[in-house]
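In C-alpha cells, one chain follows: the form predicted alone.
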Amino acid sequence: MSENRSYYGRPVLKEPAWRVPDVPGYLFLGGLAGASAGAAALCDLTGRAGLCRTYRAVAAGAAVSSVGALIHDLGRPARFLYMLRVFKPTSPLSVGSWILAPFGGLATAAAAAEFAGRARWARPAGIGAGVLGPAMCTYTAVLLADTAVPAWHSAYRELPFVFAGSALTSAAGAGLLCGGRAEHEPARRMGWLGAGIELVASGLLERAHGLAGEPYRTGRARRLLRAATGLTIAGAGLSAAGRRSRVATGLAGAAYLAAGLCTRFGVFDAGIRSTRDPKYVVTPQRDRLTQTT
C-alpha cells in the first residue's frame, strides 16, 4: 500500500472555491493599496506634496478595485456586508474585513479631499489609512496561512514577509511610473527595501518546507515565482539606472508591478495544487505523528 494513498485516490482536502483572477488580483491590489497609503502618509509628513498626491490616488484606486475583486468573487455585495456583522478577533477573515472596510473608506476620502483641494481633511484621512496600511499589506497572508491548505499553512512564517516585501515593491513601481521625476528617490529606496525583504522571504518559502514546499518549486507556481524574482531584481537594477534615464525608471516601475502580480498568482497556484495531491496532506501528518511517538 502506498503511504500517500487516499480514499479511491481522491483529494483529502476540498479545493478552495476562490476564483482566478479575482482572489489573486485582490491579494495584489490590497498590498499595493496598503503600501501606497503608508507611503502617502510619510510623503505628507515630510513635505513631498507631489508624491503624496500620487500615492493617495494609487491607494484609493487599488483599494476600491480590491473590494470590487472580492465582491465579484463573493457573487454579490451583500455577502461582503455580511462579513461586517460581527467582529471576531480569532478569525483572520473577520479581522481582515474590519481592516479592509475602514481602510478603503479612509484611503478614498483622503484622495477625494486631496483632489478637491481640501488638504485640511485629506491629512487626517490619509494618516489613518497609512496607519492601517501595514495590516492591509499582510493580513491576506495571515488569512491564507490560517487555512488547512498545506502549501499556505506550512509557510505561515514566510508568507507575511513575502507579501509585505511585494507590496512595497509594487507601491514603488507605481510611484516610479506615476510620480514626478524630482520625487522618485523615496520610491526608489522603498523598492530596494521591498526587494530585499521579498527575495529573502521567497527564498525561504521555496526551500524551507520539504515536501509541503514542493508546490512552490514545481509547475506553474515555480514559473511565476521565478518570473517574480527576475522582475524584482530587474526592477531594482533599472531603478538605480533610472536616476539618469526616464525610460529605465518607467521600465523599473512596470517590472515591480508585474513582479507583484506574479508573486500573488504563484503563491495562490501553489496552494491550490497542494490540495489536489493527498501526499501534501498525508505525508507531513504521518511525519509529525512519527516524531511524537
Partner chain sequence: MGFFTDTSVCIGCKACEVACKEWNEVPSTGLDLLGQSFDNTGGLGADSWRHVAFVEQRVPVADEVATVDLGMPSVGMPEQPAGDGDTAVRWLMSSDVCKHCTHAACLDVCPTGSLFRTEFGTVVVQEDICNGCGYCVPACPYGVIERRETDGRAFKCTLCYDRLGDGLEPACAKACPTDSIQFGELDELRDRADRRLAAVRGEGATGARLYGRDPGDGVGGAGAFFLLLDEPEVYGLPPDPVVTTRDLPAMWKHAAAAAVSVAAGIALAFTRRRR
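Positions refer to the first chain, counted from 1. Model, not experiment: these values are computed from the prediction.
Below, we refer to the form predicted together with its partner chain, which is not included among the displayed structures.
In summary, among the residues A109, A164, L177, L204, the only one with a non-hydrogen atom within 4.5 Å of its partner chain in the predicted complex is A164.
Interface residue among L51, C262, A255, A60, judged by heavy atoms within 4.5 Å of its partner chain in the predicted complex: L51. Stretch-level contact analysis of 214 to 222, 113 to 121, 100 to 108, 180 to 188 against its partner chain in the predicted complex, using heavy atoms and a 4.5 Å limit, identifies 180 to 188. Although its partner chain is omitted here, in the predicted complex all of A35, L74 and A135 have a heavy atom within 4.5 Å of it.
Using a 4.5 angstroms threshold between heavy atoms, P92 counts as touching its partner chain in the predicted complex. With a 4.5 Å cutoff on heavy atoms, R246 does not count as touching its partner chain in the predicted complex; it lies far away. Using a 4.5 angstroms threshold between heavy atoms, A148 counts as touching its partner chain in the predicted complex. Contact between A39 and its partner chain in the predicted complex is found at the 4.5 Å heavy atom cutoff. The partner is not shown here, but in the predicted complex the stretch 52 to 89 reaches within 4.5 angstroms of its partner chain through a heavy atom at Y55, D73, L74, G75, R76, R79, F80, Y82, M83, R85, V86, K88, P89.
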